[in-house]
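Given as structure tokens, the chain that follows is alone and in the form predicted on its own.
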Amino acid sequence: MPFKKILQEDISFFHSISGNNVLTDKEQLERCASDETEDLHFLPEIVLQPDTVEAVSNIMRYCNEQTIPVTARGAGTGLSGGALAIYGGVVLDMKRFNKIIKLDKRNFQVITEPGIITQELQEYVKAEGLFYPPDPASKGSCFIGGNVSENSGGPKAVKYGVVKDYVLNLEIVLANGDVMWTGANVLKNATGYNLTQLVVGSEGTLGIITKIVLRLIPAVKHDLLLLVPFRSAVQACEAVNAILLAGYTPSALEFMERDALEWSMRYVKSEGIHLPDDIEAHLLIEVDGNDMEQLYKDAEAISAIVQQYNIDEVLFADSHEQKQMLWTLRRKVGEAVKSNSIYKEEDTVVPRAELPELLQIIKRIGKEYGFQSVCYGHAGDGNLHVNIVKGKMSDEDWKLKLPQGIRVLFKEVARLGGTISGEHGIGLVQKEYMDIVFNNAQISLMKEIKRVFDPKGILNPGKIFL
């Protein structure tokens, strides 16, 4: 369906309902023209920053009537191009929806607007003795609304789960401007279709999220952190399942190839980790709980398990500063790789036991298609981020040959029982590969669901599906 270009009469209407929260200057349009996905750039025609549900409803009703595309945007930290206005139109910047509405300590719940920074929400509930576990690498800047839209995860997913496991209810504005709640603020709900979980991870294609009800859990008091250097990256992947099969569930179980850690150290100007020449990869392992004595026992048992592999000396982080340094290195890997070269980041995920084979497949395909890869990620979930570095690849090979290699990789991921995105979403950059993991009937059904919510296709058009 062709979309209408925004005219002066449309801008006048937006001013009438949003006042000064209507932005058309080049600087603001440029700010919303890209996110953290590669070097993509799509300039919107206008940026709106509503601060009430009523304003969002009026905007959506008008845009639906006029067939103007609307792309909701959070903090712009996405890695799949999901918040880019590829057809122009309106970017609905949700930064003014930045309030924590209510903390219900009795029921272990918090009601929040989508524009609150994830780490701020975590710190707010922690001060009240509560815990919201999902913590993506960009938690210091990303918005909780974006996390819900992408069903984000993070290091603690291995023990605590991902965003979908904490969303109880959502207030959304539909494409036609109608406002609705998707569920109820309860832990169990077998009443009708689960619209809440349908919206989680839908990348802004079904509605605009304006309120989020999250369940919380009691805060834990202690944690211990280990860094284990492996002389074989494949063995590091093998050790992941060995730890879990032995009955231990760390609160984080992260994999970092040598290049990932080395580049991150250089990026943050840290020399805190000694990297012998024969070390290929590290596991960053955290255990948490309320019984410090038990945590020491768990850490010692995990240390004994990894001793069965060809490792160097295990580092026990013995201070808050050292823990912070290790986590900073892990969280900055993506930025470090991006600062080194043009790159593409793939978000592969396989059943955990298949992780060693996946790593070997990635390296084999890299040799075959001429690209270097830097791998890291949430090994405890089987979720491996593959940063493909352009390096010395020609522009022609990067444009034509690399997509062929990625398709081969994704077919291998599917063969292993995995899928093409664990937490970054499909957005713009992965939609051409959806046919690898879904057949025509599955994709048609998803498109029909989209049409029910958004008959004119104005909500984040051009994402997820070709």
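In this text the structure is predicted, and so the values were computed from the model without any measurement. All residue numbers refer to positions in the sequence shown, first residue = 1.
Missing here is the form predicted in complex with another copy of the chain; even so, the following discussion is about that form.
- Stretch from 195 to 203, 365 to 373, 392 to 400, 271 to 279 whose residues place a heavy atom within 4.5 Å of another copy of the chain in the predicted bound form: So the stretch in question is 195 to 203.
- Can all three of 91, 133 and 220 be found with a heavy atom no more than 4.5 Å from another copy of the chain in the predicted bound form? No, because 91, 133 and 220 lack any heavy atom that approaches another copy of the chain to within 4.5 Å in the predicted bound form.
- Contact label in the predicted bound form: residue 464 to another copy of the chain, heavy atom within 4.5 Å: Answer yes; at least one heavy atom of residue 464 falls within 4.5 Å of another copy of the chain in the predicted bound form.
- Query: With the cut-off set at 4.5 Å between non-hydrogen atoms, does residue 53 touch another copy of the chain in the predicted bound form?
  - Reply: No.
- Item | Non-hydrogen atom contact residue 350 with another copy of the chain in the predicted bound form at 4.5 angstroms | Yes, residue 350 is a contact residue.
- Message: Can you tell me if residue 437 lies within 4.5 angstroms of another copy of the chain in the predicted bound form, counting non-hydrogen atoms only?
- Response: Flag for residue 437 set to yes.
- The unique member of 189, 324, 303, 360 whose heavy atoms fall within 4.5 Å of another copy of the chain in the predicted bound form: Of 189, 324, 303, 360, the residue with a heavy atom within 4.5 Å of another copy of the chain in the predicted bound form is 189.
- Item | Contact assignment for another copy of the chain in the predicted bound form, among 241, 251, 210, 122, heavy atom within 4.5 Å | The residue in contact is 241.
- Residues in 416 to 436 with any heavy atom within 4.5 Å of another copy of the chain in the predicted bound form: Heavy-atom contacts within 4.5 Å come from 417, 418, 419, 420, 421, 422, 423, 424, 425, 426, 434.
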